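Quick setup: one chain, the form predicted on its own, written in structure tokens, and binding and motion questions come after.
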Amino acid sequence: MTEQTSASIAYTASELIAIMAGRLLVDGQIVFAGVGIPLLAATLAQRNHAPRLTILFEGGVIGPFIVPGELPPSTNEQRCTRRANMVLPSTDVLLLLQRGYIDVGFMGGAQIDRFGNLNSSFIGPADKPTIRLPGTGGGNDISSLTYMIVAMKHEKRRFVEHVDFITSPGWIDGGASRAERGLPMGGMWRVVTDLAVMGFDEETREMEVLALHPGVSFEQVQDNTGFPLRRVPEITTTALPRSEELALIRELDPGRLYTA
């Protein structure tokens, strides 16, 4: 476990990602969250600054209460249903996406490219992959029909020129290609890593650095990225994790299942 230290507070890279991603969520939003860091970030936001945030799971759960210390390892796990507002068939939850009721989709991936396309299917050639990954689940539906936040570690092997397979479409080939392929709704909005917060240029749809975490340089981010990054004219610096945010995360995940 690698820890960073600032203002006498130590935190892991995963804790940093969860905190920075959680800050992007707004009170009153409806969030389609994957398990792991996305769920932790959404729950942190709900407990910290967005009490009316509603979390949805692709397994069919709307508005669950996440018990501290008992984060579900799967969206189909029974702990997902505790004190939920509704438990529906997964097809009905995905129908909410199609009808435009979801504000934000929130998940991770194994690979991402310059246009925000995500791969969670396999690494290597399609006919003989070197690594098989969990696959799409509802990931394709979520990324096709709503605006997305992606949370992941910043490594060159993950940030690649071209993903090995597009499991979840971002801006596809950039420009207007997403709409031209029949996806007029949604798109990739933010990518949060342990180094920076990225967005996408409004015209080219290429990934661009919006903010750096404290102590991180643009060159460091570029060195860990497998394609040229754009940069906005004035890159900001994110605020350090606060002690209350770290305390909430450690209450939610005391065994560091997701934040080691």
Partner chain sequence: MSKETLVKSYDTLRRDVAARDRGLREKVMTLEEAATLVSDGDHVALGGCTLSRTPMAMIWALIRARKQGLTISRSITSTEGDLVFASGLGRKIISSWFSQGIVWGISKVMRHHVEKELAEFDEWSHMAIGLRFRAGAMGIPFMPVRSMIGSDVARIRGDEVKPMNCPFTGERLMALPALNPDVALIHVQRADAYGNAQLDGLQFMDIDIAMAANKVILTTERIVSNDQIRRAPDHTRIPFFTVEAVVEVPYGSVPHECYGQYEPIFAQLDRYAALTSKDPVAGAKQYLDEYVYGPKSWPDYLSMVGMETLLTASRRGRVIFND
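Numbering follows the first chain given and starts at 1. Note that the structure is predicted; figures quoted are calculated from it, not measured.
Unshown form predicted together with the partner chain; subsequent notes refer to it.
Contact with the partner chain in the predicted complex, defined as a heavy atom within 4.5 Å, is made by all three of G100, D103 and G135. The closest heavy atom approach of W189 to the partner chain in the predicted complex falls outside 4.5 Å. Though the partner is left out of this view, Q111 does not reach within 4.5 Å of the partner chain in the predicted complex, counting heavy atoms only. Put simply, R79 is close to the partner chain in the predicted complex: some heavy atom of it is within 4.5 Å. With a 4.5 Å cutoff on heavy atoms, V61 counts as touching the partner chain in the predicted complex. Of the stretches 224-232, 46-54, 208-216, 195-203, only 46-54 has residues with a heavy atom within 4.5 Å of the partner chain in the predicted complex. Shown without its partner, the chain has L257, Y258 in segment 246-260 as residues with a non-hydrogen atom within 4.5 angstroms of the partner chain in the predicted complex.
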